[in-house]
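Form predicted on its own, single chain, as structure tokens, below.
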């Protein structure tokens, strides 16, 4: 291995070190996981010209291109300039300089998303659109955050296992007069959701305490008695993560908030990270920063200047339930 190669610098440039000396893998961002198919020709060209002819759909929905030699990185960066400008600058309105030098930082990771209501009948909102709006707030940055956007509480995009998980939920409207008491919504809620619907005197009653906002009732209702409120609402999950030492599922931080609230809290993320890390660009992800700050301080800082909508709910406290591995070493005598 050439010891003159600055691995850290290349990592910030979105090139990941390979186990093969002198080879790297480029990670191309796809905020919201949807792009025009025309960009696949560019991915193909990079893979076949400078890589090993293959690409990997990264776990964070990136185009990951392995087999790129160190000496070809400048050429690759120059070639992907058009892609970066099309996706980051034009689609996401991100302010970037020197786009011919590739990505300026690995910082915030690619925001993953399910297909949302562009296709899915269960999707409560346009996940890709929100992910692209959020991209401008988090990228580029030297502070790390993993985010995922899910179109409904099915959470196909695993929002519960990221620093910030944003889940689309719906306030359901019930038209008593249109209901024929068929019970299809009850069956759907029993089988797929939180079992809050029941029947009384031929009509539907609902325990509003535990509605997940999934919209299953509206999906199956044959008469349109159940409909989604036109306002888009969201649930925010924080602190989820994988990892060897402390994996855990995230917990609900906000419920029934609007997009303005989402944009406000994510807009505060950079300042929160900078203060907790004393303005040092340390590679430490969001869940760990929340732990370091403590929930009360995190809540105060991330909600600063954010105007909550009347329906919003904020977790008073969070009880984490994580798997913690600790050494339990038993020294055995060595047989001589």
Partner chain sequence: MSYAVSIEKMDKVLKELKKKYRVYAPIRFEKRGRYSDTDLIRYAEIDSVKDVVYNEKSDFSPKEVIHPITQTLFHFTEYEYRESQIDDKEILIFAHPCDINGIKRLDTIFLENGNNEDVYYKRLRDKVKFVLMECQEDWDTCFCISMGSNQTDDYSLAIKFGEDQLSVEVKDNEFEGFFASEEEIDFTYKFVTANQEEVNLPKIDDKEMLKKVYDLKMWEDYNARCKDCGACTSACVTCSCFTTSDVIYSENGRVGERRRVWASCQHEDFTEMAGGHSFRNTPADRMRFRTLHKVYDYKERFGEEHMCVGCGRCTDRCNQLISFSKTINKLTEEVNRLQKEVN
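Numbering follows the first chain given and starts at 1. Given the structure is predicted, the values throughout are model-derived calculations rather than measurements.
What comes next is about the form predicted in complex with the partner chain, which is not displayed.
- Under a 4.5 angstroms non-hydrogen atom cutoff, the partner chain in the model of the complex has residue 173 among its neighbouring residues.
- Interface membership of residue 234, defined by any non-hydrogen atom within 4.5 Å of the partner chain in the model of the complex, is ruled out.
- Taking the partner from elsewhere, residue 133 is found to have every heavy atom lying beyond 4.5 Å of the partner chain in the model of the complex.
- Contact annotation: residue 81 falls outside 4.5 Å of the partner chain in the model of the complex, judged by heavy atom distances.
- When contacts are defined as a non-hydrogen atom within 4.5 Å, none of 17, 54 and 69 contacts the partner chain in the model of the complex.
- Interface residue among 198, 245, 208, 223, judged by heavy atoms within 4.5 Å of the partner chain in the model of the complex: 223.
- For the residues 154, 255, 219, 194, the 4.5 Å heavy atom test against the partner chain in the model of the complex is passed only by 219.
- Judged by heavy atoms within 4.5 Å of the partner chain in the model of the complex, the contact stretch among the candidates 89-97, 259-267, 160-168, 223-231 is 223-231.
- Contact annotation for 111-128: residues with any non-hydrogen atom within 4.5 angstroms of the partner chain in the model of the complex are 117, 121, 123, 124, 125, listed in sequence order.
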